[in-house]
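Shown below, as structure tokens, is a lone chain in the form predicted alone; questions about how it binds or moves come after it.
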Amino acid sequence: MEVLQRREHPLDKVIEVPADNSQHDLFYKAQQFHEGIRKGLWETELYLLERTVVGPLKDRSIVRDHFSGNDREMIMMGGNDYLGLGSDPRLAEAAIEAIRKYGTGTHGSSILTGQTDLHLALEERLAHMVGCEAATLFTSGYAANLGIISSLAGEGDAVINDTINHASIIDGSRFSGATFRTFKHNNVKHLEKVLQECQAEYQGSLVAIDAVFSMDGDIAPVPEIAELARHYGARLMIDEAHSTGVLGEHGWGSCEYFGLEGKVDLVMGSLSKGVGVLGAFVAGPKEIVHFIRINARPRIFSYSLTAAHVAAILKALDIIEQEPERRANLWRNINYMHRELRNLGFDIGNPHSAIIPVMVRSDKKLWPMGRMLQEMGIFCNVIAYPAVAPEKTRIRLSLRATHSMADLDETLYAFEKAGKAAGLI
């Protein structure tokens, strides 16, 4: 079937926004937003969201330009496939074999028809991997955090968040109906103060944190937080989304990295980033995991992962175990880019992961710099409000184990040119 080179984009159209219906039309705010984006970013060809990747996401991917409709090869610095497994043919072969045996869908949630022997095998393996008694699967990290927190916490409880937790943890905390509390980013002294208050005011408390923070790339002080949670009778949940496959001797996350396997109440891990497929899991005590399995609404009211996804995940875990050089290559690339970006004069904060935030701190500089990088063949993510505060806008890179030194050096050259043009360095 022929694919059109360029499809019509909604931002091509001019929408008439009535001036007098803001109080009566539910669509008014969306129309205003649309017009602001169209005039501010689309007409100036600075719109860098919703880009279309044509073919597999690899170190160098084919990306279609919004405005010309032309396809071009770009160095992929925008995905979270940290070990480069997403396009590995061995995962595709495992998925194809599973489709032949199990079909293309599960036709129900996991508590109905959506559980196969493959799903059970993966859950058992994931639990063993992170040193817990049991694990259960979700279709995404967002669904997992929403389901875990809301099934365990409720009215009369408190959920305590790091201020820059991922939106899925924050949304899960609010959806639960529990009191939403925060502590300053990675500040254990402030966390202790909040825990003291919660111990006196609420029935139960859950501390929920990212292991590696998705926008800053830094790592949480997990041992100190775990000790505080135990001391004040709170439970701890760690989101290992950006650390699974990256941190630890075998790549199993921050608990392995800090020697805390089996000592954290709940571990949530993503299967879409370092593992390169789709979905997520939670691991912990057997009876707690079973409670989540049959009470988490995003799990019991959603179809389960297909057997093809599960088979690909199992194959990815095999490769992670059998090819530790992938993780070694990733850390070589991480250390190199940290050093060279700093040498160029960029502010990258204090990352300890494959996520590198290049701080821009200005919308006026951010979008033109992002467009210049795209024109030089570098695909990276422009991070603006509301993902971060307006004064913390940045361009985020996500490194891969399979990036070559040529990929990295070409990226650094482009950043040097774009950074000078933007007045950052």
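Residue numbers here begin at 1 and follow the sequence given. Quantities reported herein were computed from a predicted structural model and do not represent experimental measurements.
Although not depicted, the form predicted in complex with a small molecule is the subject of the following passage.
- Although the partner is absent here, residue 241 sits close enough that one of its heavy atoms falls within 4.5 Å of the small molecule in the model of the complex.
- For residue 336, no non-hydrogen atom is located within 4.5 Å of the small molecule in the model of the complex, even though that partner is not displayed.
- Taking the partner from the other structure, the small molecule in the model of the complex has no heavy atom within 4.5 Å of any heavy atom of residue 254.
- Looking at residue 268, you'd find a heavy atom of it within 4.5 angstroms of the small molecule in the model of the complex.
- Comment: 210-218 is the region of 152-160, 210-218, 185-193, 125-133 lying near the small molecule in the model of the complex, near meaning a non-hydrogen atom within 4.5 Å.
- Checking 115, 87, 179, 272 against the small molecule in the model of the complex, a heavy atom within 4.5 Å turns up for just one residue: 272.
- The single contact residue among 166, 293, 309, 315, judged by any heavy atom lying within 4.5 Å of the small molecule in the model of the complex, is 166.
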